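The chain below stands alone and is given as structure tokens, in the form predicted on its own.
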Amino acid sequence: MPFISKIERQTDYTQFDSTVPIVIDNGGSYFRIGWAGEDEPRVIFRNIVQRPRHKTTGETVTVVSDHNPALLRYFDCTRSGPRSAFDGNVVYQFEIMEYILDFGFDRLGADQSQIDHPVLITECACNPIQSRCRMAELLFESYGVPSIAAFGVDAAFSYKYNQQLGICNSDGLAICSGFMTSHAIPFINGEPAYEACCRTNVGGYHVTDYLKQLLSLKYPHHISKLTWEKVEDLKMEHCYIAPDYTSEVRIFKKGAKEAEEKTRCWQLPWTPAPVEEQPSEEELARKAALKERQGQRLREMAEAKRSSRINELENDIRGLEFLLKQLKQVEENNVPAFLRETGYASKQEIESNLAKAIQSLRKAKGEQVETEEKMDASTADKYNLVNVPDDVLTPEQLKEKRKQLFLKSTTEARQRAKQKRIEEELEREKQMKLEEEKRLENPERYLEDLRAKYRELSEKVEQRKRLKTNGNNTNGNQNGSGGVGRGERLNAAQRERMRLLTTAAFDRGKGEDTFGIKDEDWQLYKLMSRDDDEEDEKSNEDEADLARVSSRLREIDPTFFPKAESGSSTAEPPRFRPLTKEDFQLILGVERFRCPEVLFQPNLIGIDQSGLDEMAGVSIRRLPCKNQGLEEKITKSILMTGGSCQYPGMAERLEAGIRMIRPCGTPITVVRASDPSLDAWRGASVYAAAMQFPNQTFSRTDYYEKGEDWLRRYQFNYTL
């Protein structure tokens, strides 16, 4: 099961005497701190630091261990990833280490700047002297501790603790698989033989990371749910060590019943979509009646607006006609004054407004407006030189006349094109209205006819494309490569064009080439271009009709999907379905044993190093004294410890791997620690509570007198 952090602040710090040591297990994954002589550490938290920023002020804060979910409301924890003080299993970021020690001492209950208790802190096997010196400097200079037991190896403390429990012997081998590294440490007469120690840079971090990668590739749409913490929980709950990796893979490859029994399922949070109940007939009738009333109301509003508009236009027309009658009765000299009173500049402006009002009235009444009536009344004045003979005009007037002719023809062409578009739009609306009436009259028959028309048009378009590219094999003349000849790829119009070109080339090929001198020679190009234009027009019309029918089918038939173009590899698009409970399930099959297999085969993740079983053999071969009896004693007491040694089946797999590299008949016994995660701290706690513990400490006075060089010669004795 996953570990649970304990970060409640202790309140009994002052009740302990200053001679009681503080025990710290400084692991790569978890930091454990407590009092010597106790069975459990007081405080446990993840050995990481984060520095998120406040979402409003931008202020940066330091958060040790996992961030509190309540911080997500105020701080942005996504831009600041967790940082560790370790490089592998060696402490090298002592700024981060100081944050972690501050938090640990504060949670233990210390409320002063100095720590007046001796400190026992663990380190990795064969820790570099530089890291040990920096840690001593941090504890002495920053916290003022009186003495340090510098420094004990966590795997050695775990082995000694289990030796006291009778689980292992004084001569044996400790295999410690931690967060970033794994060690094999032989023990002779209860003391570790570091000269025979072996290390591999593979641990629980690599197992978790490998599982996260596999699940992210398998379920990319759930990658946001696969957080590091959740994947680590899945690893601790479901992963196991296969007795034989190859045979286990073969079982899952066959998909036998045994593989199904070993498969686990992780159900993600899922809320079923609300089921829409079909409305009853009364509800449908009520909605239809409501829709009809709304439509009737809209029609009445539109009719009232249209009537108001017609009345307004009729009043304007009557006013303009009355104004023109008055203008006829006004004398010539009084016309400018009369126009100024009415607000018009000229008689032509009044006539133009009258024509526009009449045109708008006809539109409002739904009458068709002819093109000739759309012309302004001032057209004659605007193009006054068009009908004048050229012989009575000056050169400047002739130039102006040509300009007016061009403008007039362009304007008339635009008017005709506009009128044609209006007519086409009206015809299209009329056709759509008729189709809608047919659909409402008999929906099934209308849909069947529309599908038949779509099939007919699509076949016609495909046949035309096939004739242009692949031919129709009508002559049966195929070339040697299985294709078709040039003549078979041509339709009747194209063959006629080729005949015309061939005839022209034959007629003109003798003697001097005089093609193009006569005007009738150019009729040949008109014939050829006419064939192409007719063919292209037919093709464009069919494709436009096909697109229109396809669009209509998409509107009324949700199961319709247009066919892919010929020669295209596009498949039918997937049909969407509502998400179900199974879509939010993560299946753990081969991943259960494939990920922890990296502890025995690191090459699965690209690390060319030895596995745990090979490390045991290497460590035994490195023993300083080559004694068959000593080797047998060591193999009879192999202890597994560390957080990554808790997988089911690990002891059996490790025993089988060591048996393969040891001589036949060698006694091999592999046992697991009573608590692989906490035995290191418990062993250190028992060690610090012994009466002889002060003899193993390195005091602050010794540090100031002897300096850091004395730590190079410091030897920690585990047997008191």
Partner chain sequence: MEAEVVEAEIVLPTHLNFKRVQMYEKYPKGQARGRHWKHLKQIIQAENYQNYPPDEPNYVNIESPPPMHPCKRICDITGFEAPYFDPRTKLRYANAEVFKVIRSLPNDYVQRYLALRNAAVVLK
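Positions refer to the first chain, counted from 1. Nothing here was measured: the structure is a model prediction, and the numbers come from that model. Rigid core here is just the name for the largest C-alpha set that superposes within 1.5 Å across the two forms.
Beyond the structure shown, there is the form predicted in complex with its partner chain, which is absent from this document and is the topic of what follows.
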From 301, 217, 432, 290: within 4.5 Å of its partner chain in the predicted complex by heavy atoms is 217
Contact with its partner chain in the predicted complex, heavy atom within 4.5 Å, among 236, 313, 249, 457 goes to 249
If we define contact as a non-hydrogen atom of the residue within 4.5 angstroms of the partner, is residue 77 a contact of its partner chain in the predicted complex? no
Just checking whether residue 151 would be counted as a contact of its partner chain in the predicted complex - the rule being heavy atoms within 4.5 angstroms.
no
_Within 4.5 Å, heavy atoms only: does residue 161 come near its partner chain in the predicted complex?_
no
Worksheet item: Even though its partner chain is not shown here, does residue 541 get within 4.5 Å of it in the predicted complex, heavy atoms only?
Response: no
With a 4.5 Å heavy atom cut-off to its partner chain in the predicted complex, the contacting stretch among 351 to 359, 161 to 169, 250 to 258, 638 to 646 is 250 to 258
Of the residues spanning 86 to 111, the ones with some heavy atom within 4.5 Å of its partner chain in the predicted complex are 87, 89, 90, 92, 93, 94, 95, 98, 99, 102, 103, 105, 106, 107, 110, 111
Threshold 2 Å Cα movement between this form and the one not shown at residue 709, rigid core reference
yes
